[in-house]
Structure formats: structure tokens, C-alpha cells
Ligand code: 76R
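To begin, one chain is listed below as C-alpha cells, in the form predicted alone.
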């Protein structure tokens, strides 16, 4: 028996796979009722197995357009596990029943534009709010900031995703045009951080309405980031994406891939929704 491969776990964060499949209803119709029940039971047991795996999450959803029928979002540390789960999901309903239509690989990551403790102290507390360094109020504000950033960083790198019904995924990159005014990578860090501040300001308006997870994919897939939005109302997804288009960082520098909209459902309802 061969030895298990050495785990392929990033130094920080988890691997993330977005998987989309179409159903071959012709092949499905060839199965007997007993075989169909067995196939659905097989997928159900596999989903339970994956969700019980350490530090692993699996979201299941029906896709709202003919781009796909079923979608999965898989988060797990080890790329070997992610790939093994993906192959088994593809075959779970039987050979040739699920056909991959789109997939995307990325990793959870922090942001290089996160406000530092020093920046918050000098730019926000001192310059904007007129506080004095070292005062009791100033120090209390820094403690609050530390706790807030600790929670924010943990959510970015080790998120816990809710079962909110609407899920949107799209990949994106920053433009690298030959024109210097439209090349994100020709800007220095301070310029980029200032531009990203507009996105942060817009995003804060949707706190409690949108859960946004940005994952990095440079060197892993065809774009540079994957964006996952979870919401209770598709209008909020439409609103935040539309509003952010007017931020300079998007208007001048962003390039987007296709958007995939789905509805998170437990498997019994998912089977009904996709007519299995």
C-alpha cells in the first residue's frame, strides 16, 4: 500500500474551490428508480463526509441560470484533500451524470491594504478625531481597533460561511494596460491603498446585508482573485456590485470574469430544484 502524500497546506489560510456542473438528464433517465435513489444517497453521504472533515466547509446550491445546474464551494486546508473531494463529487451521482462546466481555485488570504495600528492611531484618532496620543481614551480606542482587526483578519483567512440563501461568485483581476493611467501594477503601494479605501467605504454600507470573501488566485487560476458574496436578498448583491463599479479602483483598473448566481439549499431541496 502506497504512503499518503505529504500534505500540501498553505502557510496561512485554506484552499478554496468553486465547482459548477451541468446534469445530463438523458443519462439520468436511463437509471432505474432504485439506482437514482442510490445515487442521491451516495452524494448525500459524501457531502456529510466532507463537512465532517477537519477545518472543511462545503456549500451546496442550485445555479440560477443554464450556465450550470449545481454548484459547490469547498474550503479545506490541504490541496490533496480538495482535489480528492472534487473528483468524488464529480462522480457521486454516477459516471457521466455530472459534467463540469466551470471551476475556480483560490486561497483565503489577508489584505495588503489593511489599516495598521499606527495608521489608525495617527490618521484616524489624531488627525480626524483630534485625540492626544497616550490618553486613556486614545489607548481604549486602540484596544477596540486591535480586537476589531483580529476578528476581521480571522474572517478573511479562516472564514465561517453562513447558510444565507443567495450566493454569487465571480473572478476578477487588476488591469495592467500599457497606458500608465490604467496599469494597477505601475502604482506604488500608497496609491493603491488610497484607491482601495473607496472599496472599503462602500463595503461598510452593506455590513449585515452582504458577507464578502475575497480569495487570492494569482498563479493558481486565470484571474487574480475570486469574490464570493453571500446575502439574504439578491438585490443587495446587485446593489453592492453596481455601487462599487463607480469606485475609481474598479472603474479604472478592474477586469471581471463571468458571474455565477446560486441559491444555497439542503440536498433534499436541491435535488427537487434540479429535478432529480
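These numbers come from a predicted model, not from an experiment. Between two forms, the rigid core is the largest collection of C-alphas that superpose within 1.5 Å. Positions refer to the first chain, counted from 1.
Beyond the structure shown, there is the form predicted in complex with the named molecule, which is absent from this document and is the topic of what follows.
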Would residue 203 show up as a contact with the named molecule in the predicted bound form if we use heavy atoms at 4.5 Å?
yes
Using heavy atoms and a 4.5 Å limit, would one call residue 138 a contact residue for the named molecule in the predicted bound form?
no
Contact flag, residue 102 vs the named molecule in the predicted bound form, heavy atom cut 4.5 Å:
no
Using heavy atoms and a 4.5 Å limit, would one call residue 111 a contact residue for the named molecule in the predicted bound form?
yes
Which residue, 234, 217, 42, 250, is the contact with the named molecule in the predicted bound form, using a 4.5 Å heavy atom cutoff?
250
Exactly one of 47, 31, 241, 62 comes within 4.5 Å of the named molecule in the predicted bound form through a heavy atom, and that residue is 241
Every residue in 152, 199 and 212 with a non-hydrogen atom within 4.5 Å of the named molecule in the predicted bound form?
yes
Given that the partner is absent here, state which listed stretch (129 to 137, 157 to 165, 82 to 90, 170 to 178) has heavy atoms within 4.5 Å of the named molecule in the predicted bound form.
170 to 178
Superposing on the rigid core, do we see a C-alpha displacement of 2 Å or more at residue 206 between the shown form and the other one?
no
Tell me whether residue 145 is among the residues that move between the shown form and the other one (Cα shift of 2 angstroms or more, core superposed).
yes
